[in-house]
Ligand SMILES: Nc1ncnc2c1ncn2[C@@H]1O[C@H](COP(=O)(O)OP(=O)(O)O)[C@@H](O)[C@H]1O
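In structure tokens, the next block holds one chain alone, the form predicted alone.
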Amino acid sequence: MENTHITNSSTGTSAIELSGIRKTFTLSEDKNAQQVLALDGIDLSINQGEFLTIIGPSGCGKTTLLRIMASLILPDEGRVIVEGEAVSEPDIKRAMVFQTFGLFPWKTVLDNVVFPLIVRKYPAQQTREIAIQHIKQVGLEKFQNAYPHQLSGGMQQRVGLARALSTGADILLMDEPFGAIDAQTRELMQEELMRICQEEQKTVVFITHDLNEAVMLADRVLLMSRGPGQVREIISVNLPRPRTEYDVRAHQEFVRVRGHLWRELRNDLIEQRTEEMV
């Protein structure tokens, strides 16, 4: 399998650059507590307008890596550069979308989407206009006055996506955002996300455990090694866009890339189980 950094939709300009990222966690506050190396020397460049998916065995540090990209946690070593500037705290260029919807249950859909704009001190009238625009974009205009408990899981995730889009962030960092919704809704959300990101030329970094999803969405797939997490392989996915206009899963490139990823992950799983039995 050939590794390449060519993508289908990126501009060639880096949105995020990671250099020498290392991160260690201490398992407890005890001074003699065991330390676990989560990430060990991550170097990565993500182009503007690129859709990068990240997969790897459980415990390989995927979420830790994404949180470092968002500056929600800091690396012990290495640098994070966003659009040419070194960063060490969250900013308006990056928005995080989690698997758990994170909606305020006492706020309406509109108020949930408006919230990050209020925090960023947008003018009141402008916040409402921006929020309504993105609520319409995800197809929830009829539900803007509903509360989260009145919505399905898929609809709640749409609200989370609208909230992230409303911030105007150029970079969306998504941690298994569709993992908690049913299979049919998940496919619809995948299509919706691809459409929105292509229209607005967002840069997306997307963690998933689903191989089909990883290949379906990505310009490139980053395969991480078993912990401590390292970049094992970066694979280009040369599938035409828009991918909603043909049967992606039947395409030879989809079959090729998915098959390769599964073989690599399967070997990791077998090795892991063998070590656990020893």
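Heads up: residue numbers just count along the shown sequence, starting at 1. Note that this is a predicted model, so its numbers are computed, not measured.
Heads up, the form predicted together with the named molecule isn't pictured, but that's what we're talking about next.
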item: Which of 247-255, 35-43, 232-240, 213-221 lines the interface with the named molecule in the predicted bound form (heavy atom within 4.5 Å); value: 35-43
item: Residue 57: touches the named molecule in the predicted bound form, heavy atom cutoff 4.5 angstroms; value: yes
item: Partner contact for residue 262 in the predicted bound form: the named molecule, 4.5 angstroms, heavy atom; value: no
item: Close approach of residue 64 to the named molecule in the predicted bound form, 4.5 Å, heavy atom; value: yes
